[in-house]
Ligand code: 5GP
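Only one chain is included here, represented as structure tokens and corresponding to the form predicted alone.
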């Protein structure tokens, strides 16, 4: 899965894991980095190997791998420090992903299907279309539902197709308790996360109505002040689009080694293209990410400058 995995990355990886072990395969899930605490409840999560903190163990597993499934990323650099080791592996690499412009040469098999709501939807299709729908037990169901729910914004994004609802219906029929998953993901925050959200909405939100755009930035000092951990800023960018008339929301967070951008949009404004052109990123049409090696001050200046180019598109 990609670095700093979200619900879809962890859900698709663990969902596939629980399926493959039922077929008798020896399977290991590897995450390039740590992940949010709100994912720890997921069945099998305790067995996930974190590459950054256990390089020797993870590399030994990779060296013995016959088939490597690459889930919820389509370019190797999204695995951070695993990129170089993955490039040298001679095993079969299978892509299952839904982001635009895949690094086709890096994979022998698979697909990046942008019409899909999530990688979890694709894992479900993979299981069912290979004739093994009977192997979807409650562990598989909880993992798949996690990605479906999180990547569709609790089923409110345009990517929520009729097939997504049919999948959920099937998972419910086999025993999925959807409330359990929702509470584990969205109702398990520590106090400091809510205080950060309140602080950021009050003090760090800049609204540019002439561009129908809202911008928010979180500095390294603010992350430390509120004791923010991996995953605590998840979903913060979505608040920006809740303002009437705002079509483009942008959040930048000051990390140690880089500034991380999250972009969201409504309607026909393509944040994937915006992120690729200006901030070394990409993703989906209405949801994308980016990065910058500039200081927080300079990357904010760049954003405020380039947004002027899109005034007509955003009005």
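Positions refer to the first chain, counted from 1. Since the structure is predicted, the reported quantities are computational estimates derived from the model, not experimental observations.
There is also a form predicted in complex with this ligand; it is not shown, and the following applies to it.
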{"property": "4.5 angstroms heavy atom contact with this ligand in the predicted bound form for residue 78", "result": "yes"}
{"property": "Touches this ligand in the predicted bound form: residue 289 (any heavy atom, 4.5 Å)", "result": "yes"}
{"property": "This ligand contact in the predicted bound form: residue 50, any heavy atom under 4.5 Å", "result": "no"}
{"property": "Contact of residue 262 with this ligand in the predicted bound form (heavy atom, 4.5 Å)", "result": "yes"}
{"property": "Contact segment among 277-285, 33-41, 60-68, 242-250, judged by heavy atoms lying within 4.5 Å of this ligand in the predicted bound form", "result": "277-285"}
{"property": "Residue among 99, 182, 93, 170 with a heavy atom within 4.5 Å of this ligand in the predicted bound form", "result": "99"}
{"property": "Partner contacts for 1-24, taking this ligand in the predicted bound form and a 4.5 Å heavy atom cut-off", "result": "2"}
